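In C-alpha cells, one chain follows: the form predicted on its own.
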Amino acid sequence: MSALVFDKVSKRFEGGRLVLDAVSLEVPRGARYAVVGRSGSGKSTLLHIAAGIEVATQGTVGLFGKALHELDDRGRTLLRRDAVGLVFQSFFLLPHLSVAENVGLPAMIAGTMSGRMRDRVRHLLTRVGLADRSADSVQKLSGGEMQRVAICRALLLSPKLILADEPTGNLDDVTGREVMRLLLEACGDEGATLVYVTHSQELAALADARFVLHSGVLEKAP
C-alpha cells in the first residue's frame, strides 16, 4: 500500500481558475519526494489536498488506503491528526508557550499528554539539538531554531506522512540546508514518508525523486 496516491486530481477555485490539472502521483511508504515550482504554481494546494484540508474538484486522493472523498470533514480531520504531520514556511509557533510546550501542543489538543509524551518531546528536542532550550520562550529562538521546533511538533504523534510546505522558505541558504538535512534525517529515523515542496533545485535534489509543477501540471524531473 502506498502512502499517498493522486489519481487525475484537478482543483478549481472560484472564478474557474484551474490550479491543478489532472495530477497523478504515487508516493511509496518511506519515500522522500520533492515538488518544485514557482510561487503560485499550486504546490501548497497540492499539499493541502493531500492532507484533506482542501477537497479536489475532480479525481481521487488515497491516504494510506483510505479515499479522502469518501470521508466527511470530521473523518478527514481525524485521519490528518492520526497520520499526517505538517511543516509550514512560517513556523506557526505560539509565542506565549515554551519550546517544549509548542512541541507538545498536538498531544495537549488531543488530550493525550502524558509522561510518555513528555519523554517523546525531550527525545525530539535532543534529536534536533534543542534539549537545553526546552523551557525557553520560542521568541528567543532564531528562525532556524524555530523551524526545528516546528519539525519536532510535526513528528510528535509519530505520523506516517510528513507534508512540508517550503520548510526553508524563511531561512537563509546555510540555515535552510541544515534544517532540510535535519528534516530528512528525522523522517528517516522515524520511518515517516516525506513530501516537501520547494522552489530550490538544490534542496529538491536531496529527495529520492523530484517533480515539477507548472501551470497545474505535475511532471517527474529527469
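Position 1 is the first residue in the sequence shown; the rest follow in order. These numbers come from a predicted model, not from an experiment.
In what follows, reference is made to the form predicted together with a small molecule, a form of this protein that is not presented.
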item: Contact stretch among 33-41, 64-72, 178-186, 156-164 - heavy atom within 4.5 Å of the small molecule in the predicted bound form; value: 33-41
item: The small molecule in the predicted bound form reached by all of His96, Ser137 and Glu145, non-hydrogen atom within 4.5 Å; value: no
item: Exercise: Arg17 in contact with the small molecule in the predicted bound form, heavy atom 4.5 Å; value: yes
item: The small molecule contact in the predicted bound form: Thr193, any heavy atom under 4.5 Å; value: no
item: Interface membership of Thr45, the small molecule in the predicted bound form, 4.5 Å heavy atom rule; value: yes
item: Contact of Arg210 with the small molecule in the predicted bound form (heavy atom, 4.5 Å); value: no
